[in-house]
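What follows is one chain in structure tokens, specifically the form predicted alone.
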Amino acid sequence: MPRFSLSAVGADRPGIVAGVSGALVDLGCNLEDSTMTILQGYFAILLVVSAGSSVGVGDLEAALAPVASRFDLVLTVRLLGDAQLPESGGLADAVPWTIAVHGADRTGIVHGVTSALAAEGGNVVDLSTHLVGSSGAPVYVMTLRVTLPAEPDPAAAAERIRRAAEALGVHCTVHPDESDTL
């Protein structure tokens, strides 16, 4: 089955998710993975969908065109290849952690923290940022779900990331994730 990435951005309005998912159902697509959020009044969607072997990028774009027009969405559809994950010594042996950062808003926080993470061989799984507080004194809040290599010492790597974040003038906590329970 071919898989596609689909992204859409537009002013937040009720009915966007229903419209996009309805067009996908009508085309026989399965929504495999998704993230959807509101960013400063704009709704953003990123999906991975699978479809029947006869469905192509053009078919998805045509099926979604009325929804994109109705909600004034900027829409992108792309065919995905097969993802290749390392068999060992890489992401397959990774340990999940959460990094929470907050402090005065300033340029470079995301870059500084993710550069420290990359230097440790870590990978971002999910990242979200928000400004909270008053417009006169905004506080930057960033939460990352990451993976760290299981060897040699993920706790030592996490501590180095925490120190790098705090060197940026923000408060940072890092802790191993608990396993998800359904």
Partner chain sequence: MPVRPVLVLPHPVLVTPAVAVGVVDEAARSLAVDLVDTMRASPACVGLAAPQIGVGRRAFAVDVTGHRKARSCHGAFVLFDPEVLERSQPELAREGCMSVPDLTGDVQRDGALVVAGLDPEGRRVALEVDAFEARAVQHELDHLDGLLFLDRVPGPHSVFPRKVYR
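Numbering follows the first chain given and starts at 1. Everything quoted here is computed from the prediction, not taken from an experiment.
A second form of this protein, the form predicted together with its partner chain, is not displayed here; the remarks below concern that form.
Engineer: Note which of Leu27, Val141, Ala155, Ala44 lies within 4.5 Å of its partner chain in the predicted complex, where distance is taken over heavy atoms; exactly one does.
Structural biologist: Selected residue: Val141.
Engineer: Quick one: of Val48, Val57, Leu131, Ala118, which gets a non-hydrogen atom within 4.5 angstroms of its partner chain in the predicted complex?
Structural biologist: Answer to the contact question: Leu131.
Engineer: Which one, 63-71, 49-57, 143-151, 110-118, holds residues whose non-hydrogen atoms are within 4.5 Å of its partner chain in the predicted complex?
Structural biologist: One stretch meets the cut-off, namely 143-151.
Engineer: Verify the contact flag for Ala100: yes if a non-hydrogen atom of it lies within 4.5 Å of a non-hydrogen atom of its partner chain in the predicted complex, no if not.
Structural biologist: Yes, Ala100 is a contact residue.
Engineer: Heavy atom to heavy atom, is His171 within 4.5 Å of its partner chain in the predicted complex?
Structural biologist: Yes, contact at 4.5 Å.
Engineer: Given that the partner is absent here, does Ala104 sit within 4.5 Å of its partner chain in the predicted complex, heavy atoms only?
Structural biologist: Ala104: contacts its partner chain in the predicted complex.
Engineer: Although the partner isn't part of this model, could you tell me whether Leu31 comes within 4.5 Å of its partner chain in the predicted complex, counting any heavy atom of the residue?
Structural biologist: Outside the cut-off, so no.
Engineer: At 4.5 Å, heavy atom to heavy atom, what parts of 1-40 sit next to its partner chain in the predicted complex? List them in sequence order, or say none.
Structural biologist: Heavy-atom contacts to its partner chain in the predicted complex: Asp12, Ile38.
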